[in-house]
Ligand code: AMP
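Okay, here we've got a single chain as structure tokens, the form predicted on its own, with questions on binding and movement later.
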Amino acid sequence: MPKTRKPDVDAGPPTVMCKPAAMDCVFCRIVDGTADASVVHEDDRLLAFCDINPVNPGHLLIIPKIHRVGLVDLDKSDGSQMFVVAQRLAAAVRRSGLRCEAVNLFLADGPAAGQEVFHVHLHMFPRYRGDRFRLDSGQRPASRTDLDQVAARVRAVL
């Protein structure tokens, strides 16, 4: 099966790649070109490609080219650039003719959050009325007292 890597014309040669120690990571293999991916964006630091298990057609993953497990490991400029790229890709999906009435961005950081591939990645996926994806887990509104206590604990360690 041929690789379907088609980077942006302005991407230039990659300057940051996954290190050999991270090559057991499927995303690192995609960056390295030893695993297939349907690439929609590539620049010197980031890669975006179609999710192999899409929520809906147009579900994309945005990853740094250097192996980083989670948010704490992620270079701040790469993290912010991931959202810039997600914004650009969301607009492109809306213009593409794919069904897209709305967009979700999702990043799972750690096993308890549902992270399955331990290379930080941002999901961008189109949504539409009647699709099968659900975010509702039955959560209930918290009291202002509880919210104020949580806010105080977080502020205390900033």
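Every value quoted in this text rests on a predicted model; they were computed, and no experiment measured them. So that there is no doubt, residue numbering starts at 1 and follows the sequence shown.
Not on display, but discussed next: the form predicted in complex with adenosine monophosphate (AMP).
Asker: Would you mind picking out the stretch of 40 to 48, 109 to 117, 126 to 134, 89 to 97 that comes within 4.5 angstroms of adenosine monophosphate (AMP) in the model of the complex, counting non-hydrogen atoms?
Answerer: Checking each option against the 4.5 Å cut-off leaves 109 to 117.
Asker: Can you tell me if I30 lies within 4.5 angstroms of adenosine monophosphate (AMP) in the model of the complex, counting non-hydrogen atoms only?
Answerer: Yes, contact at 4.5 Å.
Asker: Check K65 for me: does it contact adenosine monophosphate (AMP) in the model of the complex (non-hydrogen atoms, 4.5 angstroms)?
Answerer: K65: no contact with adenosine monophosphate (AMP) in the model of the complex.
Asker: Give a yes or no for L105: in the model of the complex, does one of its heavy atoms lie within 4.5 Å of a heavy atom belonging to adenosine monophosphate (AMP)?
Answerer: So L105 does not count as contacting adenosine monophosphate (AMP).
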